[in-house]
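Quick setup: one chain, the form predicted on its own, written in structure tokens, and binding and motion questions come after.
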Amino acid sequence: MNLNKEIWLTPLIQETLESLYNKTIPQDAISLQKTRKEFAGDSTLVCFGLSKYSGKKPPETAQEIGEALVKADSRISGFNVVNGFLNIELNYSYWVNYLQGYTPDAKLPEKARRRVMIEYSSPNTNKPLHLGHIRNNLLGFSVAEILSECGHFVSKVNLINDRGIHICKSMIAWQKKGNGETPSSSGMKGDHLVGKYYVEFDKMLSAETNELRAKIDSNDWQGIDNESQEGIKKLLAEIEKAEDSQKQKDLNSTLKQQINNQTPLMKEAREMLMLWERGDTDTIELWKTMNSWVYEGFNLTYKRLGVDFDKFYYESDTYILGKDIVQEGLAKGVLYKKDDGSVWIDLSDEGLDQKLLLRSDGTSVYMTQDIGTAVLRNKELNCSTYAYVVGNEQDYHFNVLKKTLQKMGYSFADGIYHISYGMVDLPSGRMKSREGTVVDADDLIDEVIEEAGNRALELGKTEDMSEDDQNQLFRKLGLGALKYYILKVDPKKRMVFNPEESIDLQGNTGPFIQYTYARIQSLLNKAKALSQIEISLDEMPEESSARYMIRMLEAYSETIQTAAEGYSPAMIANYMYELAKDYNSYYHDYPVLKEENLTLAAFRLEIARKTGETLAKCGKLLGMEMPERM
């Protein structure tokens, strides 16, 4: 007997309908849903559209079909009709058999499987990973695991942003302030050391900006070209006239940026970028050295976080290809060049605007290198879907990328998808990289592990563990708390991460689910003898709560497939929580070890075992490790 009711129930309904009405009924006319909790039943057939075959009203049609199904298959024990909905009830033996054959599996048929690229992490090599990167990495890794669970062929890739003006900023600050400092000499992780100089650059830039602004206020325009002078004077006039405070704030921000660009430090950074693109030996050597420090630091953080990648791409390799593709587009007339030599694409017919693809000095922008990377990856990976995990502040960028590639004739661009997610804040507010106020990923990992250890020690649950076992438990709990708390939120929503709240053993948290799993493992160890008992319906009564628990397990495959379609680990997190919560209630009301009917006890133990397997499988898809004991 096939234990997946959708596989056998839909054809049975089709056959029954055709027999009842002597007509050919297409399978897509049969709409099955989960029965709502307030009604008895296991599956609900929507009968409104079937009235055209019966010639009767939906409730009459539903009644007629229900009676025919009960006669047609012994697995169907009854039914009830609510308006035009037929709630089909399956007999208890079906669910007992289903439990015994159940394993958590969500594989799609081979014809539905596809090749998918998931790009995530994509850090800049001028600073360490922070809390925002953690959400990116956890989301990307989990989505990749979910798609793989459904049978898709997934490539997990990381595009390293290892070139650009931001990298030059750290390099210049190190040249001016570093005194030859290295990770070894400083005792700092390489990514932290380079990030330190990125912050230092911003401090130096602020000082120069303030000094230049003071000169402008005193009408000293030395060192500022005529075109920039006109732009700054225009902004100053607009600021003076602006009455709205928000408009004044926006204009002042634009003014600050224009003055920044005129400072000697920013001019030096732009010069370094051009030297890099020309292949200047000294510039390239320093760039390689500082990037190597960062890569070593990143890899340590990735390992701690439990994420990995199948392939790395580097913008320093792909931006040249992007520039070549831009030149091809220019030759074909898809792109156009302005008088200053810069290259643009006009997307106004797509509801967008004109987008810069190449600066007047010949240097590339982010879009240039993303075009090159996209073309290269399609050649190497040949996927049907190219999903980018990037914050929602880049929604416009990926819309432009897709439209630009489509306009340039690349058909694979139809498969570009932006997994857009909201920013992560702390209870104390928003993070700012340049000001050095970000929450470092390594520090946050340390904090949640330490907090998990403190909670576990307070509860006295680790007294008989070795120090090494304790540390492993604290790590699993801390990282489980972090991952679950972040992934349980719909990716599209902005969120606040509260480390203390995440580690709570009660409520919708990772540790609560981990504790439920550990509790099940403890029960399985104590009741090993029950595993040898054969489960027989003749020797145990029917339990409605057991039926409900099995239906919760049955929901695994649909939940995973729906989560894959929506690129949403939150669906799995919420399913895990409901499953753990329902199991705890079931175990409380229907104990195993105290049950005198051994067959019934063995049946309840099997529910516990399959629940544990499902929680572990869901945990793996979220990157969570499940402790065997707590």
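We call the rigid core whatever largest set of C-alpha positions still superposes within 1.5 Å between the two forms. Here the structure is a predicted model, which means the values were calculated and not measured. One-based numbering along the sequence shown.
Keep in mind that the form predicted in complex with the RNA is not shown, yet the notes after this line are about it.
Residues of just one listed stretch (292 to 300, 356 to 364, 186 to 194, 229 to 237) have heavy atoms within 4.5 Å of the RNA in the predicted complex: 356 to 364. The RNA in the predicted complex comes within 4.5 Å of a heavy atom belonging to residue 511. In the predicted complex, the RNA sits within 4.5 Å of a heavy atom of residue 85. In the predicted complex, residue 315 approaches the RNA with a heavy atom inside 4.5 Å. None of the heavy atoms of residue 500 is located within 4.5 Å of the RNA in the predicted complex. Shown here without its partner, the chain carries 161, 493 and 591, all of which come within 4.5 Å of the RNA in the predicted complex through at least one heavy atom. A heavy atom within 4.5 Å of the RNA in the predicted complex is found for exactly one of 522, 454, 175, 382: 522. Put simply, of 551, 256, 288, 526 only one has a heavy atom within 4.5 Å of the RNA in the predicted complex, and it is 526. Counting a residue when any of its non-hydrogen atoms is within 4.5 Å of the RNA in the predicted complex, the hits in 597 to 630 run 628, 629, 630.
Once the rigid core is overlaid between this form and the one not shown, residue 51 counts among the residues whose Cα shifts by 2 Å or more. If you fit the rigid core between this form and the one not shown, you'll see the Cα of residue 538 move by less than 2 angstroms.
Put the two forms on the same core and the Cα of residue 340 is off by 2 Å or more between this form and the one not shown.
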